[in-house]
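Take a look at this single chain, the form predicted on its own, given in structure tokens.
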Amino acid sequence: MGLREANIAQLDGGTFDVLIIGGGINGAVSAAALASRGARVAVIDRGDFADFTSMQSSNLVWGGFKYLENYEIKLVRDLCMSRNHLIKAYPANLKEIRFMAALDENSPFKPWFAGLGAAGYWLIGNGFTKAPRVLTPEKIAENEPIVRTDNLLGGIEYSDAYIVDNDSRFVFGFIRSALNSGATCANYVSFDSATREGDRWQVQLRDTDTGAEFSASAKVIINAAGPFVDPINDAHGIRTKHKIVFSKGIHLIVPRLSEHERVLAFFDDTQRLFYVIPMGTRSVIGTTDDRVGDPHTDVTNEDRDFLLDQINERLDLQTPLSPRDIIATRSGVRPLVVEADNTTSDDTDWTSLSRKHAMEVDAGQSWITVFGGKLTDCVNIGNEVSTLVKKLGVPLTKDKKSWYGEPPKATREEYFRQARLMGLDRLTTRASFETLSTRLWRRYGLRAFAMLEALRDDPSMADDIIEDADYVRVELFYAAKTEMITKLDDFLRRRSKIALVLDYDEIRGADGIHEACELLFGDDAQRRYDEYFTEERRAQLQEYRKASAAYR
């Protein structure tokens, strides 16, 4: 029986202290925090873990510099403290990175004023990062030659942080932590309905992969369904003071534009910020910020062309970017928190709505709703949820802060000692220029020790499965056993970032893709392969290329 099947068996007829709806960042940290303190927890998601909002971020962990525009000092302070805490807790996974913001005549701020804001931002964050500075156009040209400076007034440079791998893998780390603490976790399980009987919820669930239906019970329900919290609350008679509205953001992933490991920031023609963010051998351009009414979104031709036009105007590239250069795209919504009686209009300044979170408790129904939030704030959300669950009568042990963060320094040093003796610190990957030992530690922590054993027994386990994908055979072997990969997209897009750095045709034509499917899915390999590489996807790609010709 696989790990997912074992967890579904635990769900079927199971009795829990807390059932969490949603396996994005809010649900994952809630599960990890509660399970580490002794609660009997179940977390479900109707898709894969982190397969909606939590996989469409910019991969940035930041304190919200732009929120200073609206004088949200407390929010910025809280986010900066959370950012600092995460950098210390995840030294291999989160790295400080410099932001270079180029300011021209259309920018809302002059360089000197933006410099004052950057200094204030740095001080609000306790001076934890490298100090900011104001840049002249000449200094920008010297540091980043690809940036057009003929129309610049100057710029600023400051620091925040980014996730080295990808957002959804970071979220899955909390799911692994919850599993390690005894939680029951299952992806592709739908929350169909729930009824309150006495002091417990009787919940009807469905395996969306097989169609099997089953039930469970829980004392407390946590609605952490991100963009879908409101309809779930409505269906179960839960009334709240807050609601969610949606802001759509897209990213375009293209070949690496700058050789430097920094984020480039610009104001677009509507005075909204967008970025060029490094991702290994690729660059990520985005994001947009548009009001939408439906959480399901796609990158339209208009979205794509707008971002391409904006970046081509601001970079001095030998050949301007076109749709032909786009390797992959991201499109998602930010669930923004507003008062329930708020009526936003087309004239609303969408960027003025911050990414703060809110929590509401219906004590009589033992129902908690988590609204909004972002990756930066994840530890705070886990702690706040634990406090509320305890108030609802679920006994919890003392918080030892063991549910997040990387293993201690001594454990890390022992791992790298063993890896060095095996020669793994000399294996540099083509795509990211880091040693295999470093990559395995960052992604798997304590589980990397087991991978060292497998590599000792079989050196071929260190071979790349797909060229330039930064994924070796031993990772697939353990992913199949420990990461609940149910569909090929789970692996290509969320446990790894392969589908972000290689295009569809490269993956489909890769020599190792069939071996990857066999390692992950066994007898089900061909079905999962055919499920991902469909005629519909091929037709979409062909249509995309037609659009590319029109753009040129």
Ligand SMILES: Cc1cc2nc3c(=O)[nH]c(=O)nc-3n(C[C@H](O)[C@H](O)[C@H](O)COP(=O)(O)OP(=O)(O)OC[C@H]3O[C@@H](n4cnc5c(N)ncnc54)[C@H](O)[C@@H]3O)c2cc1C
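Because the structure is a prediction, the values reported are computed rather than measured. Start at 1 with the first residue shown and count on from there.
Absent from the display: the form predicted in complex with the named molecule. The rest refers to it.
Look at the stretches 358-366, 139-147, 417-425, 249-257 and give the one with heavy atoms within 4.5 Å of the named molecule in the predicted bound form.
Looking at the partner contacts, the answer comes out as 249-257.
Considering non-hydrogen atoms and a 4.5 Å limit, does the named molecule approach I232 in the predicted bound form?
It does: once the named molecule is placed as it appears in the predicted bound form, I232 has a heavy atom within 4.5 Å of it.
Though only this chain appears here, would L455 touch the named molecule in the predicted bound form if you measure heavy atom gaps against 4.5 Å?
L455: no, not in contact with the named molecule in the predicted bound form.
Going by a heavy atom distance of 4.5 Å, is M279 a contact of the named molecule in the predicted bound form?
No, M279 sits far enough from the named molecule in the predicted bound form that none of its heavy atoms falls within 4.5 Å.
According to a 4.5 angstroms non-hydrogen atom cut-off, is S168 in contact with the named molecule in the predicted bound form?
Contact with the named molecule, no.
Exactly one residue in L68, I507, L60, A525 has a non-hydrogen atom within 4.5 Å of the named molecule in the predicted bound form; which is it?
When the named molecule is considered in the predicted bound form, the option within 4.5 Å is L60.
Between the options G125, P111, G372, P132, which residue brings a heavy atom to within 4.5 Å of the named molecule in the predicted bound form?
For this set of options, the contacting one is G372.
Taking G22, T287 and V333 as the candidate spot, are all three within 4.5 angstroms of the named molecule in the predicted bound form by heavy atoms?
The answer is yes: all three residues contact the partner (heavy atom, 4.5 Å cut-off).
For a quick check, can you give me the residues of 172-206 that have a heavy atom within 4.5 Å of the named molecule in the predicted bound form?
The stretch 172-206, when checked against the named molecule in the predicted bound form, contributes V189, S190, F191 at the 4.5 Å heavy-atom cut-off.
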